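So here's one chain in two forms, each on its own in structure tokens, numbered structure 1 and structure 2.
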Structure 1
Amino acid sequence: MTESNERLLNRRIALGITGSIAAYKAIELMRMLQREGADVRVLMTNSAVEFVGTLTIETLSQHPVDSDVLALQGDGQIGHIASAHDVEAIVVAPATAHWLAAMASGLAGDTITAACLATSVPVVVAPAMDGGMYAHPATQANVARLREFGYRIVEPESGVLASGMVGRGRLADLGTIVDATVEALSEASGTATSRRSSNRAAAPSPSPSPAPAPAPASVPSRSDLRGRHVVVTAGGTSEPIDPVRFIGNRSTGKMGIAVANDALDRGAAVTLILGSVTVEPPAAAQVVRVETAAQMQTALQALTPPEGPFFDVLVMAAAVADFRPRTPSDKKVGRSGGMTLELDPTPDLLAETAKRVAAATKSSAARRPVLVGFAAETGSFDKVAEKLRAKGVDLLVANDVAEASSGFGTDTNKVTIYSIDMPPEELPVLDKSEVAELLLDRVVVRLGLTGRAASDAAGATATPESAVSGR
């Protein structure tokens, strides 16, 4: 072993490995957890054993691998129950589509699902699969269900996959998974003493809890969004011209991140979809990184399948580029000869998403989430009321980005909130955190009007992958 930060000193961790091509990376993950001081024991599905075998793992972990859900230990204890009660966290990496589905349904057909069902310690899940498999609404619904259990999802990354295709499905960076484990344990430590000690005898709590659990430093001060899933998009998109250049905008992400912070403070589970930003996102939010408008579109489609949106509130504060190069070059364009760019308009993600939500919820107004867009204007708000109707959102927040105290990069904003059934409200220049709070006050009222949340009605809450802008 090399360097050790010892952030997991003497922590007992179960590493669950499932049958993904990325299973080989789990061995290095085990070593990284050990370098942090953890005592790691490994649970495997039968498929995972086919992929990587047990000999290396048993040798390096100095524990037998538990891959047989019907097996008893030497002392007669049931293996997965003993594991569930002996560890302080379970990390499932890589998690297959099949495993996510089994876990979401509570099917205890392998040692990892069985141990997760039998425990109340933090569970960290890092999915890995083909991009299409991950984007499929079934998988997204399963991920959402796991978030409802309070499980921490470490989103897969975009890149070249085992198939040779490019997509979002590659196992997250191993360091990120280790960090998530450290965070999950430290978040749990606020309640851990009683939770862990009672865990040895206690039955698992079947009641869904909002996820991700807020960090102790940001314990909600209010509860009017408790149990709700709020998706916020923030930052700008970057539309490639060639591998080194792109068309972007001046968005810093401050407004969207302020909304995410306030939603967390109100007890919501927050998914923050981030384009390019200059400020740190809150640690308690589930963060999904995107670059282009097309990635945001794909992500939003996954969030808004025909069976219903996977959120209660969508606040679209990201600044999506209005145009993108028609034919981005896959090689750096040299300066000789100059450059003429042909641009195509990007899809109107706000209107398109609102339309899908309306179609999915047309038979049940109670399931309709609250949709909020942002409109960056320069000079006049004359067209905002018409935009509100055309886009099909509940609230549209207009700000004049040409004003010094408002818009991109500033800590303050001067907005007017347009609503489908109220006169516009012009607010004074306020800190972005105050704007966020006033905006979510109005969202909370609207949630009351729409009745039950999407999560209550559809049995689904958080999901990743999206982003939208108000345009």
Structure 2
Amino acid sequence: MTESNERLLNRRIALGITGSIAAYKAIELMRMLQREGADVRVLMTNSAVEFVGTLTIETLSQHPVDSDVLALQGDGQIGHIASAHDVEAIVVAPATAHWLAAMASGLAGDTITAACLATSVPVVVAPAMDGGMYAHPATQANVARLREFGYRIVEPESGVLASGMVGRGRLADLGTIVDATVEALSEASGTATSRRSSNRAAAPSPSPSPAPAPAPASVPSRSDLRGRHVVVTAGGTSEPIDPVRFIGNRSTGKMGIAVANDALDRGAAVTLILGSVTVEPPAAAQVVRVETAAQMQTALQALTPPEGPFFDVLVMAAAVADFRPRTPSDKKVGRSGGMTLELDPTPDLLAETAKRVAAATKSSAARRPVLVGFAAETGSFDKVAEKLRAKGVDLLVANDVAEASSGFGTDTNKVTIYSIDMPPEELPVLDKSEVAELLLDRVVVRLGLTGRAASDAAGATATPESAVSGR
């Protein structure tokens, strides 16, 4: 995709989301359109709401989601009709086989088909489905029919699908969809300009043109954490046996560092409490190096004094060793006699920090931060919901480290996000950077930060430097 340069500045776009597993990608597509300067409002089918819900989208778009074809707006207007006449383009992504068939037949059973039927603006459609479904003659006939309508089709890509099979059906690259939207609007503007020129030549005394539409209100951007202090723990801890040996784990720190990078991209000040890692931390973060669980505990205690936490968000992505030698040796232990280790459990840093935060915010005016933990499981997530409640956090991200796609050291992760007030949200296999971005989208919702509110919050919390030093 062409680098963002506000190619859609002040353009009003409707994003239609249908019930595909790829619906989670529509949130990032919305943000990419916003970064190009667009004001985006969202239409959803009922099945899409089941996949991704509306809270995150409404918070980040600053518009209510229109998912009920029978609903009226506050001023009495029919929602999808108002959208059809107020926007300059409609982007349907992802578009399911069912939606393609309904649209090709002119059925208006959801807000997206209804809006498309009622509008004359450009429509961009990005299908996503199983490969066999997309290749079926019926689907191909429906796609051809939409092309006859003048709709711009952004063909799906080939790759691994949600079913685990390989085929052509993956949602197109989001940048390609944005580019197609820019091109569709550019072509529509060119056609309108040509018509206006022709009309002026035929009519020497045209009536005054209407006043231009006002610029939309500020839209969310990648600055939605500006003025916020995000603390991230990453990597593994090393619990010494003797000066040359230790108990550790396979953590590389990739997931935590991905979270830190995305928080920085969103404008946050980031403190990274870093154990053993195999990747370089971001230069813009303040890095606190630790080796043991006890050292990480000390760093977290410095950030959560009795008068309140020095952060707005805490993401505990580190893999803290569960056990440590009871009596580590100060000299190298010889190998001739073998070794027997007595182990003690390390403290539960996530639960301990959550308890300290709860006590501090209850007894003071300090605002409670958003607390996020990670749970590395093997085989079953049966105990994750119980862990979420026991640890006292807002979100708990579970992954099965026994799976090849989500174990330690991989560039991908397959997680389920557990929330204190929402059903578990299972995500497919994604790059860890994508997991980080989707996770922080949900954190932003919990902070209640959008657009200008994030900017107004600047300076409201302690800087990382003062937090770590305890000032």
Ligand SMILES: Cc1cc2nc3c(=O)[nH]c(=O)nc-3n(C[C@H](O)[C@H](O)[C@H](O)COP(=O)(O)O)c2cc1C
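The model shown is predicted, which means the values in this text are computed figures rather than measured ones. Residue positions are counted from 1 along structure 1's sequence. Between two forms, the rigid core is defined as the largest C-alpha subset superposing within 1.5 Å.
S.K.: Just verifying the output here: the form predicted in complex with the named molecule should be either structure 1 or structure 2. Which one is it?
M.R.: Pick structure 1 here.
S.K.: Under a superposition restricted to the rigid core, does Thr416 display a Cα displacement of 2 angstroms or more between structure 1 and structure 2?
M.R.: Not so; Thr416 is displaced by less than 2 Å.
S.K.: My question is whether Leu146 is one of the residues whose C-alpha shifts by 2 Å or more between structure 1 and structure 2, given a fit on the rigid core.
M.R.: It does, since the Leu146 C-alpha is displaced 2 Å or more between structure 1 and structure 2 after the core fit.
S.K.: Could you tell me whether the Cα atom of Pro127 shifts by at least 2 Å between structure 1 and structure 2 after core superposition?
M.R.: Yes, the C-alpha position differs by at least 2 Å between structure 1 and structure 2.
S.K.: Rigid-core fit: what Cα movement does Ala26 have between structure 1 and structure 2, in Å to one decimal?
M.R.: Once the two forms are fitted on their core, the shift reads 53.6 Å.
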